[in-house]
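Okay, here we've got a single chain as structure tokens, the form predicted alone, with questions on binding and movement later.
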């Protein structure tokens, strides 16, 4: 059951009392900031976060943190887990950012999509791993400017499906797209699936996938971020949409309201203020509890907990079918 907060807004996610749960001060080697972590739950129940770690040059790499309960007692790799490799992958010259993790049963591997950053701009890269120790890089699969990507965990009509966010050069807006591939390397059948709105909307400038989609009997539940340009800078908040299970380019419902935004000091103040940006989640043993791991102000990692059933219920009550017109 959704709780109520001031002004009677529904509270779909509750922040953890120990937030932020990870910060640069927790790291075993010198770093500037830790944020935007991909997340998964290992077979033994351990929560694994693949954290974006930024050094004092401004370049990012990935480092694994593990916890038995998902919020405390973190065991952090003593050295970076995955570093940029610009010698073999020049698209990673200025770092690797914002990983999203999808476990793919058919491959029995974790597929990591991430942003590779170089002079050409941000692009979408992909790597596979079984143990978060050894990684097979596939390289850039969506050229710049593109980011905010995640793979669906199973094939759709015999093809892999990737949601991502290119930016158009003529309007400088970012909409969400889906593309299909027979082999995870060659991508086509590109389709626009969700548009950034215009004008005064909270998601009027850019939108993008936040954590990987959640497969439910009702459809693919998507938590996405919207970016609004304000007089004091960009404001990042979260919304919900639902896509058809067999034709995921078809949006069934989209909420008009944002459901989660920066409120606490650690979300309001940091390297990039007024940002909540989740890249990962885990689902509890009940199949319903969702632990959402998000970067706060590009400076630390925080945790908020909700229920998948409550998110779907909210969409059914507050969402409406999406169409191709910009609202």
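Note that the coordinates shown come from a computational prediction; the quantities given were computed from them, not determined experimentally. Positions refer to the first chain, counted from 1.
Missing here is the form predicted in complex with a small molecule; even so, the following discussion is about that form.
ask   = Counting only non-hydrogen atoms and a 4.5 angstroms cut-off, does residue 236 reach the small molecule in the model of the complex?
value = The answer is yes: residue 236 has a heavy atom within 4.5 Å of the small molecule.
ask   = For residue 283, is any heavy atom within 4.5 Å of the small molecule in the model of the complex, or not?
value = Output for residue 283 is no: heavy atoms all beyond 4.5 Å of the small molecule.
ask   = Can you check whether residue 92 is within 4.5 Å of the small molecule in the model of the complex, heavy atom basis?
value = Residue-level check for residue 92: no, no contact with the small molecule.
ask   = Does residue 275 reach the small molecule in the model of the complex if we count a contact as any heavy atom within 4.5 Å?
value = Yes, residue 275 lies within 4.5 Å of the small molecule in the model of the complex.
Region of this chain that lies against the small molecule in the model of the complex, out of 42 to 50, 64 to 72, 267 to 275, 254 to 262 [heavy atom, 4.5 Å] = Looking at the partner contacts, the answer comes out as 267 to 275.
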